[in-house]
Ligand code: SAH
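Form predicted on its own, single chain, as structure tokens, below.
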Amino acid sequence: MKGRVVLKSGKDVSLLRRHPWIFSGAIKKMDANIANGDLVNVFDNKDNLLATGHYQAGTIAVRILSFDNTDTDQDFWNKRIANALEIRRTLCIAECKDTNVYRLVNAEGDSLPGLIIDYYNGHAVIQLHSVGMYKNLDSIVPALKKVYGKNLVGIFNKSESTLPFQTKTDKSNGYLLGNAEDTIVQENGLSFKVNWTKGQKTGFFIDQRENRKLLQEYSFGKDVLNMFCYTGGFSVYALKGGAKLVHSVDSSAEAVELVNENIALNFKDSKHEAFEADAFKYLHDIKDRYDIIILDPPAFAKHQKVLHNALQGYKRLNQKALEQLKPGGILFTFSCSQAVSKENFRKSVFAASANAKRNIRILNQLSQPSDHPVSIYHPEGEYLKGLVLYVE
């Protein structure tokens, strides 16, 4: 039997607009025996049923799974995950002849808040972000097996760094099917090595697929600098597009090794070089060296408390790149911080442009691809922001 959560008068407005979060301050009362991760029914102050979701102590108290009375039995999980896969098939992303890496479940974007699943050439990598999803792992895994059948050879749970404190005594990364530590995937016909056990996030930044493809179109005959290169995705696409020269920079020696591996997977000979260096130091004295610079740093702000410092960081980083870029050059710049809105990111880049004292045009405004869908009722899900700037 589900527990009951009752909202304060007037605090049902966001739910009536189908926003999938209930904040702790909106709750009037709840059953005393509700535990973290429990499935609860949510009622308004007049005892009208509004939704079903997972309860969790914290700022976001309930994550909504359904706007009716729903039981999360095995059939529920089978249908939700099957629906997510069908959407990717419709988008011609799943079962695509030249791409076998994509996001299968994108949390609120697929009506499964707290759950991320990425698919890598027969391997599913799971990240759990809520206690409710953690408690349902034993239902999620069979749903994946049912949906993919023999096409699924591995499942890896990579939730150690994403699960909340409530599960800290019992959380770990580990194999739930198979034991492969890495695989080679194809993205738009290009090859990349993915290691989900050691790599950042689930192993590869799938969300930049379409933005990498756009860079390829801009790269012919250009000298390209890929900062914070990680796996070297942008570097590979730049070379595919006919770049005259590509330099990849990362502060991690492992990233530098990985980008070199991925270059070698795709090209016998290439004008590419990778450097282990601090981004700000590398950008300090490269005046007019590059036609294109890509800035795709790690999240500067993971929560609102550090938002101001993050925006200052984006401003300094972009100003430095804009000051160094060749006249007539192009800057690809991104923020992957959910706490940073599209408007705030643009303001930071505006301030950087003004300080750099260069005439700048916006060529493209970028976001995440269609396998990272955003619920229209949950704009917070649009975490990836990007701008392509022409710099005179």
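Computed from a prediction, not measured in an experiment: that's the story for all the values here. One rule holds for the numbers: they count along the sequence shown, beginning at 1.
Note that the form predicted together with the ligand isn't included here; everything after this is about it.
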The ligand in the predicted complex has a heavy atom of only one listed residue within 4.5 Å, and of N211, N106, N136, T231 that residue is T231
In the predicted complex, which of the listed residues (A94, A279, I286, L307) lies with a heavy atom within 4.5 Å of the ligand? A279
Sort through 249-257, 117-125, 85-93, 178-186 and report the only stretch with a non-hydrogen atom within 4.5 Å of the ligand in the predicted complex. 249-257
Look up in the predicted complex whether G313 has a non-hydrogen atom within 4.5 angstroms of the ligand, and give yes or no. no
Evaluate Y290 for contact with the ligand in the predicted complex, applying a 4.5 angstroms cut-off between non-hydrogen atoms, and reply yes or no. no
Any of the heavy atoms of W196 lying within 4.5 Å of the ligand in the predicted complex? no
Indicate whether S161 is a 4.5 Å heavy atom neighbour of the ligand in the predicted complex. no
Contacts with the ligand in the predicted complex, stretch 195-209 (heavy atom within 4.5 Å): Q200, F205, Q208
